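Shown next as structure tokens: one chain only, the form predicted on its own.
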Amino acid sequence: MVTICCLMVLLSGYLLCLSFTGPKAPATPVTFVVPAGWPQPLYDFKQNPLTTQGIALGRKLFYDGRLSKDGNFACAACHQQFAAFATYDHNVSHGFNNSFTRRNAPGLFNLAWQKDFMWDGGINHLDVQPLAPITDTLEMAENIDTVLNKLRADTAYVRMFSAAFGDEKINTLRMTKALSQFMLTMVSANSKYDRVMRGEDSFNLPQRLGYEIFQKKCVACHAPPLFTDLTYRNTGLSVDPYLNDMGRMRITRKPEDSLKFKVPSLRNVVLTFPYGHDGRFYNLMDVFEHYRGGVVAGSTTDALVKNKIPLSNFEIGQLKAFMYTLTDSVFLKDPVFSPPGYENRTPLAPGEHLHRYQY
């Protein structure tokens, strides 16, 4: 009887202690800062408020190879920070089981201003986008339920999901929202061009001349500050006979959308080569040569390029000088976008890629 009474007293004391611990502390809010002069974002932050804990969770997920079937392909395997989160020097990315993906990996930045994603606009919300590469047999090739079970078995993830969302539940929605929170913070708005626009810097002569040429011949599709109008256009590319990629028409099933692809941003453009939806243009000179002489005029070719764009060698040189001013070195080197704990790792050798490490 004494033993039972002692146990009851201990249990009562334990429950009393629990009652005084109170609810779990809420996640710490983070304010999304819109650069001066930029439009308001299209992403609805009310449905997924940024928090310190949510961003940290998304960062860990972004660099975790366990989101792929064999553990070798994190999101960061195809989206490398030093290449503005594109795939450096590859026309298409490598995927599971020595596969090659179907399209060139675009840079990831300024996603809060986009309403749809992929080269063909086939995904209409950032929170849904990660599901495509995770489950694609040529990319990460994993099953979502298997991914979630891996995360649930990891006590560090259990703690991080609890800190970000208030309890230990790990599900698809929370996983993708955390990834969105991290990717939404990838804002590239501090290039030399931006500093010039803010009155903090100035163009040299070739850059200024290139900017003037750009405003006359390029700005209709690549409008600042995003340097894309986010439309879908047929820029006169012939069909790749191997990929047979018809672009936007694959989504809409409309013949008038044949060979239309999203206009890419020119921010950080000198680092996101090769260019085009299939990476067919290895360098900027290839792109300029296409527009001044290689455009294939078809029924859906955009009127702005159908008759080609007259560009002299001098103009191309000045345009290239201007495009270098769109490189955001702060963004490319910011440690908040690097792998968790990366600053404590052995430095990369010259030319070595981030995916040397498994996360």
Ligand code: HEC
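When you see a residue number, it is the position in the sequence shown, counting from 1. Just so it is clear, the structure is predicted and the values come from calculations on it, not from any experiment.
Separately, the form predicted in complex with the ligand exists; it is not shown, and the next lines address it.
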| item | value |
| --- | --- |
| Contact label in the predicted bound form: Phe331 to the ligand, heavy atom within 4.5 Å | no |
| The ligand contact at Trp113 in the predicted bound form, heavy atom, 4.5 Å | no |
| Contact of Ala164 with the ligand in the predicted bound form (heavy atom, 4.5 Å) | no |
| Non-hydrogen atom contact Phe261 with the ligand in the predicted bound form at 4.5 angstroms | yes |
| Check all three, Arg59, Lys150 and Thr172, heavy atom within 4.5 Å of the ligand in the predicted bound form | no |
| In the predicted bound form, the one of Leu108, Leu226, Met160, Leu184 near the ligand [non-hydrogen atom within 4.5 angstroms] | Leu108 |
| One residue of Tyr88, Tyr282, Phe117, Phe203 in contact with the ligand, assessed in the predicted bound form (non-hydrogen atom, 4.5 angstroms) | Phe117 |
| Which of 190-198, 283-291, 164-172, 150-158 sits within 4.5 Å of the ligand in the predicted bound form, heavy atom basis | 283-291 |
| Partner contacts for 292-317, taking the ligand in the predicted bound form and a 4.5 Å heavy atom cut-off | Asp302, Leu304, Val305, Ile309, Leu311 |
